[in-house]
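Only one chain is included here, represented as structure tokens and corresponding to the form predicted on its own.
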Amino acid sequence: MTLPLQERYQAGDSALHRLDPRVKVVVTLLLVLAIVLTPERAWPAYPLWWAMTGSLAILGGLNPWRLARMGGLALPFALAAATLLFTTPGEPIIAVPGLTITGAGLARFIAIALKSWLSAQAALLLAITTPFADLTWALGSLRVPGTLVAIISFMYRYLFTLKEEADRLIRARAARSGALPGQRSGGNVIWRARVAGGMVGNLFLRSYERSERVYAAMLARGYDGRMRLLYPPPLTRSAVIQGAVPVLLMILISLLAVAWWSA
């Protein structure tokens, strides 16, 4: 599989791997919420959030620097907030013809980029240390609507099915696109666009037909819209206590962030 589409879970026996998935989901959601609600100019809070995320990564047997690099995948999406650089009222700091970057706009943009980067690390940490089946089961146990859980489950699984069908089409095209050495196969841009459009349509039909076969097989095996575990683990007091420790740290960092912002 290519890097953007691969199973993120990495098997392990760390304390974070063994922690109840329901506790991990709740802690991750609270961590992302706390990061998002951090005041923009509470700059000392962001290193503390990263230190907390890195500590959890070490607890899970992961390299925090590698996790930080993986979290960089979210930074391009933060560019959607680039208009804040020019539209936020404030004192101008950089002036270019027709555009003016304000200090408040720059601070807001940097804060959004940092929050996106930190939130992505928290989500990746959850995905790396928790099997996807356990994640969907935890969401169902936390009373997330069953329809939404089923949609998330099938969407994730069918991404890999869709990629497999696309790989087959690409291999078939490559096998039928022979060319002499030093020559380029295929025709002009219009011809290539026509071939690509036909492949997309073929991919849709093949994926639809395969999904029908998979769904019929699931019904034959007793599927009724719910994902089940044979032996669902009980929620122990130890797991709750372990989950409460990072929550207390989140509260402390949030209080410090508010104090810095108010100062």
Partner chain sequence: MFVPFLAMHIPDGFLSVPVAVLGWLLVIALVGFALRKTRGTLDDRQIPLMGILAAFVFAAQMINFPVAGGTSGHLLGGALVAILLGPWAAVLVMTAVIAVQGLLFQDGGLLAMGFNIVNMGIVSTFVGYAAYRWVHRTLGGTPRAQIAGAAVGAWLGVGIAALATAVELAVSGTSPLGIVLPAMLGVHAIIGIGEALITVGALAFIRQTRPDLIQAPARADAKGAGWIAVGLLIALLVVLISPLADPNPDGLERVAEDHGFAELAQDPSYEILPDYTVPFLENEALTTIAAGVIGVAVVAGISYGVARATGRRPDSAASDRASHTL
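The term rigid core refers to the maximal set of C-alpha atoms that superpose within 1.5 Å between the two forms. Keep in mind it's a predicted model, so treat the numbers as computed, not measured. Residue numbers count along the first chain shown, from 1.
Omitted from view is the form predicted together with its partner chain, to which the following refers.
Which one of these stretches, 205-213, 44-52, 61-69, 234-242, sits within 4.5 Å of its partner chain in the model of the complex when only heavy atoms are counted?
-> Contact criterion met by 205-213 only.
Can any non-hydrogen atom of residue 78 be found within 4.5 angstroms of its partner chain in the model of the complex?
-> Judged by the heavy-atom cut-off of 4.5 Å, residue 78 is in contact with its partner chain in the model of the complex.
Residue 112 within 4.5 Å of its partner chain in the model of the complex, heavy atoms | Contact with its partner chain, yes.
Given that the partner is absent here, does residue 199 sit within 4.5 Å of its partner chain in the model of the complex, heavy atoms only?
-> Yes, residue 199 is a contact residue.
Are any of the heavy atoms in residue 26 no more than 4.5 Å from a heavy atom of its partner chain in the model of the complex?
-> No, residue 26 is distant from the partner.
Could you list which residues of 61-92 come within 4.5 Å of its partner chain in the model of the complex, counting heavy atoms only?
-> 73, 74, 76, 77, 78, 79, 80, 81, 83, 84, 86, 87, 88, 89, 90, 91, in sequence order.
For residue 204, decide whether the Cα shift between this form and the one not shown is 2 Å or greater, given a superposition on the rigid core.
-> Indeed, residue 204 is displaced by 2 Å or more.
Superpose on the rigid core, then tell me if the C-alpha of residue 138 is displaced by 2 angstroms or more between this form and the one not shown.
-> Stays below the 2 Å threshold, so no.
Is it true that residue 65 shifts between this form and the one not shown by 2 Å or more at the Cα, once the core is aligned?
-> No, residue 65 moves less than 2 Å.
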